[in-house]
Every structure is written in C-alpha cells, then in structure tokens.
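Quick heads-up: it's one chain on its own, the form predicted alone, in structure tokens.
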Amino acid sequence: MTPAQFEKNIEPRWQKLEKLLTEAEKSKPAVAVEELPATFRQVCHDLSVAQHRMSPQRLTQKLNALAIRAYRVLERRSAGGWEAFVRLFLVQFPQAVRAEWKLFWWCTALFYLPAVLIAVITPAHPEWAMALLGPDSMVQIESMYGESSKPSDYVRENFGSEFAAFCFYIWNNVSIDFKTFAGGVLGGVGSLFVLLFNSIYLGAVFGYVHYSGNPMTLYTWVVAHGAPELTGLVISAMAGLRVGLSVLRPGRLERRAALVLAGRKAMPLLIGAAVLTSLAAVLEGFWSPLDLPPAMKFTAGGVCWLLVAVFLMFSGRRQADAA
C-alpha cells in the first residue's frame, strides 16, 4: 500500500474524531459522543502504523496532534467529581452486575430461597422464628404490623420524624452492605454468613407476621423500598464473594495480585449497592409511612421492582457497545 493509499484509507477515521472532539469540547454537545473512546483508539493505531511506515511528517504530526487533543478531552471527561460518580452508578455498576450474572443469580437464590422457606414454615412452627427474633424484635414487629398497628405511628413514636427515620435507615442499610462486602475477605464465608442471616431473619419476620400480625400492613410497608434495598444487599454479597473467590482461586496470579484485581472489579458493585440501599432509605423514610390505599402502595412497589430490573439489564449498554 502506498503512503497516499494509506492516508486515503484512514482519512474518514481522523475526520470522524475531529467532529467528535468538536462536539465533546462544547459545554452541551448537540450529538452523542459515546464513540469518542473507540475512535480515539483507532486513530492511535493509525498513528502507530504511520510512524512505523515512515509516512510523511505532515501526516504523523496531524495524527499526533489529534491523539493529544482527544486524550486531553477524555482525561477531562473522565476526571473525578460528580460526573464520574454518576457515570459509575449509571454505566459501570450495571455493566459490572451483568458481567457477574452467574454470581448474581447464585446470591439471589441463596438469599430468597431460605427466606421463603422460613416464611412458609413459621406459621406452623412459630417457635423457630421466636427463637431467632427474640422478645424485643417480636414486640417491635407487633407494634408495627399488629392487627391494629400502623407503621407510621411506630416511626413517629420511635424516631420523631420521617427525616430522623431516613437517617437511621440510610446508616443501617449501608452499614449492612459494607459488612456483607467486608466478609468476603475471609474467603467469602463472611459474605455468605451475612447474606444467609439476613435471609433467614427476613423470612422469620414475614412468617411471624403471618402468624400473629397483619400481613397486609407488612407488604404495603416493604413492597416499594424492598426493591432497591434487597437488590443492594444481594449485590453487596456479590462484591464480597468476588473478593473471596480471588483468595480461594487466584488462578495464575499471585494471591495478593488477584485480591487487588478482584477488589477493583468489586468496587463498582459495592458503591452501586450502597446507592441502591440509600435510595431505599429515602423510600422507607418518606414513602412507606404514608397512609395510602394498598392498591397505590402495590402499584408503586411494582414500578420500583420494574425500574430496578430494567436499570440493571439495560443501563450502560450503549457505552459498552461503543467501547
């Protein structure tokens, strides 16, 4: 291939990169620039080939200037701050969940199956749930989900306001996520223990309410915030197990290097799980206490579960295709 033919072949790529850079450098790009990273890599490859073939200096200088310009734009766009955090949650987090889909479904089964089993058998054998919950928890459950109880009254009496309840829930939810993740360092055993304990405890609560309380009150309370909260718990267990598996099965890497690599992969999962459970705290603090018709509560809950599922399945797919 002659230098002229080579330049003619690569010309559409650098022209495309110039257009994408012009848009990306605007404060509000008029068109999408998701193809910028992939085009940048193609032009860098063209630059390398041009230098190897001793192409005219005019061509290599032009490609080099374009590559430097694109690098600065990408570095600016990938800098820290809120933009990076939003991208991590909206793009990297769902991509990481999909990349670990087998682990996701294993953790989902490990969480929901024991919970359903305990909830089903507790009305016939309530002594199991009573032994697990303890007297204080049973009193709390009856005060929230008893025949004549209202969870909203419990929140006002124990927290004073919805905002105080929100602060407690966000601390409680996120701390459970981090405990679940931290347990992964022990070969994943700690993550499995926290996941199974919360599963059995949740099943005991549901079973005990069916035995002595008002199940409708419980379901209308948890149906909305349960979607991000329980999904976040499952994903934090995924993050912990990813770290734990790297300790047990480092492959060809040294155990320390495998642990560091697994920690990097798990970080988007952990942060995304913490954001989900924080959103759950908002719903639990401000939406769940509202005295609304059950149909409205179940409709909102269905929407929440659907949004979480759609978000994890589809968010970030365009960026993955462009890369």
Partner chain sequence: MAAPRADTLQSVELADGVEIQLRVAGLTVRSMAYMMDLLIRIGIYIVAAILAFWLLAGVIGPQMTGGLMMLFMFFMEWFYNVIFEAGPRGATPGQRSMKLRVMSLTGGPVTLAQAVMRNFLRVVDFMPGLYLTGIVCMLFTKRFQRVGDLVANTVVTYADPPPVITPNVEVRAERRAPSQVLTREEQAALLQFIERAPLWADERRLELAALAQPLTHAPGVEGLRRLCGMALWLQEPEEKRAAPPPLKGASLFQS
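These figures come from a predicted structure and were not determined experimentally. Think of the rigid core as the biggest set of C-alphas that the two forms share within 1.5 Å after superposition. Positions refer to the first chain, counted from 1.
FYI, the form predicted in complex with the partner chain isn't displayed, but the following is about it.
Trainee: Looking in the predicted bound form, any heavy atom of S161 within 4.5 Å of the partner chain?
Mentor: Looking in the predicted bound form, residue contacts with the partner chain include S161, since a heavy atom lies within 4.5 Å.
Trainee: Consider S175 of the chain shown here, and say whether it contacts the partner chain in the predicted bound form, taking contact as heavy atoms within 4.5 Å.
Mentor: Looking in the predicted bound form, residue contacts with the partner chain include S175, since a heavy atom lies within 4.5 Å.
Trainee: If we define contact as a non-hydrogen atom of the residue within 4.5 angstroms of the partner, is R98 a contact of the partner chain in the predicted bound form?
Mentor: Flag for R98 set to no.
Trainee: Does at least one non-hydrogen atom of L36 fall within 4.5 angstroms of the partner chain in the predicted bound form?
Mentor: L36: no contact with the partner chain in the predicted bound form.
Trainee: Out of the stretches listed (202-210, 128-136, 163-171, 141-149), which one is close to the partner chain in the predicted bound form, meaning heavy atoms within 4.5 Å?
Mentor: Stretch 163-171 is the one.
Trainee: Heavy atom within 4.5 Å of the partner chain in the predicted bound form: which residues of 248-263 meet that condition, in order?
Mentor: If the 4.5 Å heavy-atom criterion is applied to the partner chain in the predicted bound form, 248-263 yields R256, L259, V260, G263.
Trainee: Is A70 among the residues whose Cα moves by 2 Å or more between the shown form and the other one after superposition of the rigid core?
Mentor: The answer is yes; the displacement is at least 2 Å.
Trainee: If you line up the core, does L59 shift 2 angstroms or more at its C-alpha between the shown form and the other one?
Mentor: It does, since the L59 C-alpha is displaced 2 Å or more between the shown form and the other one after the core fit.
Trainee: Given a superposition on the rigid core, I'd like a yes or no on whether C304 shifts its C-alpha by 2 Å or more between the shown form and the other one.
Mentor: No; C304 is a residue whose C-alpha shifts by less than 2 Å between the shown form and the other one when the cores are overlaid.
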